[in-house]
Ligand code: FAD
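The chain that follows stands alone, in the form predicted alone, written as structure tokens.
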């Protein structure tokens, strides 16, 4: 049996202390031998420099680093320049996203959909980049319908994506149905489930409301009952997410992509339990 393929998402730190913290986090997770690590990209490219610097720093450590790149609010010229800079540093892995406009910015730019970004990257750079796209097992909160969202996902893949990473979820059946439905539309690339460790109840509920991920009522009520008992929240969260991951592994998911929030402990705890 092949070893479980892991990948980790980080965000670009904004302070010197944050830079050192992220380096320590990477050092703790490096023994898990991730297939790659990704670095987020702020709305409208607001963290562009930080994303680049973080990715280059990681690449120097020998990690296969994949910057996120969002197209909304961007021009072809600016995206071409960013991609050329990544290529000059030997970066060959991109997470291509539509992204969000920063608050107050009214211009959508030359791209409206991630499928257009994927097509642009392929037209400009051929096969230089391995392209990841996003999938939504519980469908994107701005989608007109689940069917429309699924068709958008298939369009992104067929534009030239190599693989996909999903938004996090806590209902394994939603992921299984999403994969089955995507296959029926001709999507044949790996669809890697996104995993969110649970460490903070209010933060989890805030994130989930923003991205449309459903937190099962029984999980939310149990977490809420712990109040400020952080250890109880972490212990319960470890049980819930480890069980989810084991179910995905048993169903032969192609890997696990962890949203680490630049912290190692929860992700490492889950992976240790899974004997990853």
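Keep in mind the model is a prediction, meaning the values are calculated, not measured. Positions refer to the first chain, counted from 1.
Keep in mind that the form predicted together with this ligand is not shown, yet the notes after this line are about it.
- Checking 129, 170, 136, 201 for any heavy atom within 4.5 Å of this ligand in the predicted bound form turns up a single hit: 136.
- From the list 151-159, 86-94, 119-127, 173-181, the contact stretch for this ligand in the predicted bound form under a 4.5 Å heavy atom rule is 151-159.
- A residue is said to contact a partner when one of its heavy atoms sits within 4.5 Å of a partner heavy atom; residue 80 fails this definition for this ligand in the predicted bound form, lying far away.
- None of the heavy atoms of residue 195 is located within 4.5 Å of this ligand in the predicted bound form.
- Under a 4.5 angstroms non-hydrogen atom cutoff, this ligand in the predicted bound form has residue 40 among its neighbouring residues.
- The shortest heavy atom separation between residue 166 and this ligand in the predicted bound form is within 4.5 Å.
- In the predicted bound form, 9 is the single residue of 7-22 with at least one heavy atom within 4.5 Å of this ligand.
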